[in-house]
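Take a look at this single chain in structure tokens; it is the form predicted on its own.
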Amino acid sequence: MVKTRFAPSPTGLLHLGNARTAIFSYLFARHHKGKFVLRIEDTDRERSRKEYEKALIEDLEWLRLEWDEFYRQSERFPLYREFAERLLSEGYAYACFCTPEELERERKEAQAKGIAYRYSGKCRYLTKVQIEKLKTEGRTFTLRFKVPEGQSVVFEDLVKGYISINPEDFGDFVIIRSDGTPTYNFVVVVDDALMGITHVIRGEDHIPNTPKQILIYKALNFPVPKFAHLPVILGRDRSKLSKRHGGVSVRYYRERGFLPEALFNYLCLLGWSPPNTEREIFSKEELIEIFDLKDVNSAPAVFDVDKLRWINGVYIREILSVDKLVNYAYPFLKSAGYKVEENYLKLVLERTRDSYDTLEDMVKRLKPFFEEEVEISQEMLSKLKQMRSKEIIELFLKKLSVFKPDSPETVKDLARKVTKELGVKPKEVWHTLRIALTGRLEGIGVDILLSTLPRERVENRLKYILSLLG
């Protein structure tokens, strides 16, 4: 059975690249009717924060990712110590008593020679007597993995192909820190093996870690999983996506009114090409059906916020039910201070959903539907006075007492009657009504606004403008 995992560190908000990794891992497991595991990798005590763990889980749930098993590494420390002792007793690891100062001198010497630093391995050859003497003196120590000499580590990456790395490039590495906490490359092996992970899907920045982990798998006699390293995500300038490109976290886009379905859909398109189709809009169920790692491109993917915005707009306009859109929109409108009644909101959204691409845009565009009073600037008032606005509004109010403009079509019919009776241009009627009802010259169609706003609110706004026009 296929089993994948997503293993974030709670040291910050969920990055878009990590979210894509989670999605690909989830889709691959579900495609093969397997299991998906969420594991919080919080062994870094200094940088891990509970608030980040909470935010990670919230954002994964918002993206509609369901996991079958949940683990937290900080709750598994005794297990790691057990396997570290096993490596030590079987000769695959050794105690290293080198001080930070000694290691820093080694690094500077390597730097002076212009070569990459790797640990000299001098503690590797300490005798039992020497080790006991150092422990008696109270010297702290780390545990290092004893890297085999004279052999390269070769593995087949499901995205990148065959990769060969010489262990001499990194040397003996630490698996247990001097404070007793385990390091990433060690615990990830123990966890993946004991959890039965068959496929490790992660970013290509982890490729240098893979040979270290394979060596530990073999030393512990664990089966080695298959690896798939995903291409990096770039900004528009083709440098690695970072804060200088704008928002880089799921939370950033969530708070700006992007929908989980749209972000999920778009992230799938970064580095993966759906087979035998040029479609770009897919439901989660469709993605589970067609997703496979063989269709993942090894080349970097470029994050395009305009493309994401377009996809988000498609979901708002064409895919989401109005009831679901109401559920998404309500918190944004309430946060903006609007008084929202569900049936009215549903009507507003039904008639305006083709006018914005994000819920943040929606809040701005829908302001005239929810504000109690409209502010008219001197500039807009001057524009009204340059037209026959007073006559237009007076006639419109008169006709409102007879006609009921309850659809965009009836509003247009009413505007035509006013235009004909006053002998003015249609533009003059529409501009007058728009400024009177919104205080602006741009926005959602006046026919939609007039047919949707409560009658009392329309009449109050028109009468208020008349009072200003004298």
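In this text, residue numbers run from 1 along the sequence as written. As the structure is a computational prediction, the values presented were derived from the model and not from experiment.
Just so it is clear, the following notes concern the form predicted in complex with a small molecule, a form of the same protein that is not shown.
Proximity of Glu41 to the small molecule in the predicted complex falls within the 4.5 Å heavy atom cutoff. At the 4.5 Å threshold, heavy atoms of His206 reach the small molecule in the predicted complex. Contact check for Val188: a heavy atom falls within 4.5 Å of the small molecule in the predicted complex. In the predicted complex, the small molecule lies farther than 4.5 Å from every heavy atom of Lys212. Taking a 4.5 Å heavy atom cutoff to the small molecule in the predicted complex, the contact residue among Phe332, Tyr119, Phe141, Tyr184 is Tyr184.
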